[in-house]
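Encoded as C-alpha cells, the following chain is the form predicted on its own, with no partner shown.
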Amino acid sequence: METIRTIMEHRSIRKYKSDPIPEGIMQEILEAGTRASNTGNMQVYSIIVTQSPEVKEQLAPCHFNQPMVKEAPAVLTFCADLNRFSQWCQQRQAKPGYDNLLWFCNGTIDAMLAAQNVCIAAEAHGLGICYLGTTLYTASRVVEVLRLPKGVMPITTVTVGYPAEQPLLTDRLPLRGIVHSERYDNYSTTDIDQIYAAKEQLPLTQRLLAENDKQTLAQIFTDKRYPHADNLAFSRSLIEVLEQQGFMNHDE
C-alpha cells in the first residue's frame, strides 16, 4: 500500500534544495532501477549519474537551460545501451546483431522501465524527481557531452533531489479514457468530449487560453508546445543520431 501511495502522490519537482543525496540512498534507488523488468534479462540500458557542477553546466543547454538541471543534486540520463552487451558477445565468441531499430526500441523500453523504478524508489525516500522530455530533442549534444559510444543512445533524463516546492497534483485523464477491454475500442466524438471535459474546464486551462490567445487547449499543444514543423525537425535530427550511434542497420 505504501508503494501505491507513493505513486498516487507523484508530482514533478522543478525546484530543489541544495542538500546532497546521501550515497547510500543514491545506491539504493539505482539498485531499484536494476530490478526493473527488461528484455531477455539482458539489461540493455545504462544510467549516467551526473553530480558535478561542470558537467551539469554542459548538460543544461541540452535541456533548454531549465534551471533545475543545474540546481538538482543529481541528473540521471537513461540510455538504451547495446554497446555493453555486444562487447560481451564478441568476447565470448558470439556474433551480436543488435545494430538495428528493433533493438533501439528494446533498449528504450528497458531504459524507461529502469527509470520509472528509480523514480518510484527516489520518491519513497522523500526525494523529488522530474522527467525531462528534451533528451531526444537534443540527443546529438547529449551524446557529445556524456561521450556516449556507438551503440548507446540517450532516451530520457531525470532530475533528482530534495524538493524545495510542493506543487499541486496535476490532472490525469479518467481511466475510461485510457483503458480498453479485450480489444481497442475506438473513440466516438462524444467519448472524446467526455474524456477531455474535466481537463478543458480547469482554471489552469482557462489561464493558458488567455495567455496564448487560443480558443482550445488542443491548439496550445499543436500550435505552441509541439508544432508540426518542430516535430519534423527534431525527428530528422533523431534519425541522424540513430544512424550515427549505429541503430539503423537493416541490411542482411
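All values reported here derive from a predicted model rather than from experimental measurement. Sequential numbering from 1, following the sequence displayed.
Only in words, not in the display: the form predicted together with another copy of the chain, which the text now covers.
Peer 1: Looking in the model of the complex, is another copy of the chain within 4.5 angstroms of a heavy atom from every one of 70, 166 and 207?
Peer 2: Per the other structure, none of 70, 166 and 207 touch another copy of the chain.
Peer 1: Does another copy of the chain come within 4.5 Å of any heavy atom of residue 64 in the model of the complex?
Peer 2: Output for residue 64 is no: heavy atoms all beyond 4.5 Å of another copy of the chain.
Peer 1: Is residue 60 a contact residue for another copy of the chain in the model of the complex, using a 4.5 Å heavy atom cut-off?
Peer 2: Residue-level check for residue 60: no, no contact with another copy of the chain.
Peer 1: Contact between residue 148 and another copy of the chain in the model of the complex at 4.5 Å, heavy atoms?
Peer 2: Taking the distances in the model of the complex, the answer for residue 148 is yes, it comes within 4.5 Å of another copy of the chain.
Peer 1: May I ask you to check whether residue 17 falls inside a 4.5 Å heavy atom distance of another copy of the chain in the model of the complex?
Peer 2: Output for residue 17 is no: heavy atoms all beyond 4.5 Å of another copy of the chain.
Peer 1: Which residues within 82 to 115 place at least one heavy atom within 4.5 Å of another copy of the chain in the model of the complex?
Peer 2: Read in sequence order, the residues that approach another copy of the chain (within 4.5 Å, in the model of the complex) are 83, 84, 85, 87, 88, 89, 91, 92, 93, 94, 95, 96, 97, 98, 99, 100, 101, 102, 103, 104, 105, 106, 108, 109, 112, 113.
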